[in-house]
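Next comes just one chain, in C-alpha cells: the form predicted on its own.
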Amino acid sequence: MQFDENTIRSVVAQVLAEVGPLPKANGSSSHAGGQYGVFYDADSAVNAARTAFEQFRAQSMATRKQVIDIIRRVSIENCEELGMMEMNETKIGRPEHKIEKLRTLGELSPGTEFLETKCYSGDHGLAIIERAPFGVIGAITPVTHSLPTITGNAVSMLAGGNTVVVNPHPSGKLVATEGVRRFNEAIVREIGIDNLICVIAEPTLETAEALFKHRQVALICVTGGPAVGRAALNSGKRAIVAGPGNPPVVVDETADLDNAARCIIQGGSYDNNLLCIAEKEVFVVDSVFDAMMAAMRRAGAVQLDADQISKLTSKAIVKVGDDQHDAACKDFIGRDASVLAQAAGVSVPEGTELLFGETDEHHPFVTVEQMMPFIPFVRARDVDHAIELAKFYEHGFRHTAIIHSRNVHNMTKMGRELDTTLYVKNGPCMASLGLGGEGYLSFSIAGPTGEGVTTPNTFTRERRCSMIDELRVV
C-alpha cells in the first residue's frame, strides 16, 4: 500500500473536515469535544488535555487499562497503513521496519502492570507509597520515529494517569496527526473521553516553546537531539530527556565472529540505522580484524574500499555551523544502502542491507552519529585499546555500547569504562529493548536525565499516605 504526500495531506484534510473546526492560533475556538486531539496551537491543546486529565483522573484503574488496550489495538491493526504513511512522508528508513515498529510497540510497550505500590507496616501504623500522575505532559518527538515514539510514550504516560500534548517533528507531522486522531476516535467511542492525547498539527519552534512555558504543563519529555534537549532542561520544568547516541561496538579476539557479523548487520541496518541505539562504529582488535571483515562479507554486507568510502564521505558528510563541524547530510540520513553505494560509485546486489569498510579512528563516519547503513571498522591494537577508542567516540553520551566477546573480564571492563544506559553483550542493539533479549520496549531512552528506558513509573510522582498507630493488624 503506497501513499504519496498529496494523498496523505488529502486524508488529513478530510479528517479535519469530519471533526469540525479546530482551535485557531488566537485560541478563539473552543477546545471542547469532537476534535480527536488535533489542534493548531499549544494553548488550546494544553487546555483540552487538562480538561481530559480531570476526567481521566476520576476513572478507575480498569478504565485506564482499557484506554491502554485501545491504543495497543489501534497501533497493531493500523500498523501497515500508518507505517507506510510515515515512510512516504518522512522518506527515511525502511517500510517493513516502519510497520514492525508500530506493531511491536503495540504489543510490548509497558502499561499499567508496571506501576508499583510500596507499603511499610510497623509499630506506629501503616504507610503506603503510590505512583501519582503529573497531569499534562508536553512531549517533543523526532522525525526518525514520529508515530512510534508517540505510541510508546502515550501508552506509558496514560498508564501513569497523565494526558499528553505532542509537538511532533515538522517532517513527521502528518502521520503524527493521523495516528493521534485514530487513537482518540477509538477512545471516545469506547470510553467517552476526548483529547487524552493531543497533537499540534502545524508544529514549529514557537509552538514547542509555548508548550515548554505553558503553566498547565507539569512535565516535559523530549526525544531528539542535543539542541531540543538543552531547551527542555532550560525550561524551568522537570524534563525527561532522551538524547543522542553514537553507539560503539567492540569485537575482541575471543568473539564468535560470524555471530558478531550477523548482529552488527541486523542492528546497524534496522530502519537504515535510524535507531539511536544502533551500531554506529566498530573497533576490532588487530589479530582478528581481517577475519571479522571476511565474516561481514559472508553475512551479506558489502565492503567498500578506501576510494569508495572517500566518494561516499564527500557527499554524505557536510560541514555545518560557525565552527564548520562535520554532520550527516540530510539527503543520505536513513536512505537505503543502494543509495549510499551509488554515491560511492559502486552497484550492490538487490536487497543489500548494509555497507561497511575500514577507516581510521578520526574518520567522520566514526565521530558523527550519521544514521546511515554504512558502518566504519577501525583497527585496535588490543581489547584495551578498543575499549579506549569506544569510550572516546561514544562522546560521553552514556547511551548505548555493544561488545562481542567470550571473555567475561573484557565485558566487565568495557561496561565499567563506558557506563552507558544500555550495554549489550553478543547480540544486536535492539536486544537491549526486549527484541531478541530480555526486558521491555520503549523508544525514549533518557540517558541525559538518568531515567533510562522509560516506563509508566517514569511519568509519575511519588505520594505517601500514612495512618499513625492504626491499621497494622498483625
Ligand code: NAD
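If you're wondering where the values come from, they're calculated on a predicted model, not measured in any experiment. From 1 onward, residues are counted along the sequence shown.
This next part talks about the form predicted together with this ligand, which is not shown.
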Site check Ala208, Pro244 and Ser444: each within 4.5 Å of this ligand in the model of the complex by heavy atom: yes
Can you tell me which of 360-368, 223-231, 105-113, 179-187 lies within 4.5 Å of this ligand in the model of the complex, counting heavy atoms only? 223-231
In the model of the complex, the one of Met157, Val143, Val383, Ala344 near this ligand [non-hydrogen atom within 4.5 angstroms]: Val143
One residue of Ile264, Cys276, Leu312, Leu219 in contact with this ligand, assessed in the model of the complex (non-hydrogen atom, 4.5 angstroms): Cys276
In the model of the complex, does Pro248 have a heavy atom within 4.5 Å of this ligand? no
Find out whether any non-hydrogen atom of Pro168 is located within 4.5 angstroms of this ligand in the model of the complex, and reply yes or no. yes
Can you tell me whether Phe377 touches this ligand? I mean in the model of the complex, with a 4.5 angstroms heavy atom cut-off. no
His399 versus this ligand, in the model of the complex: is there a non-hydrogen atom within 4.5 Å? yes
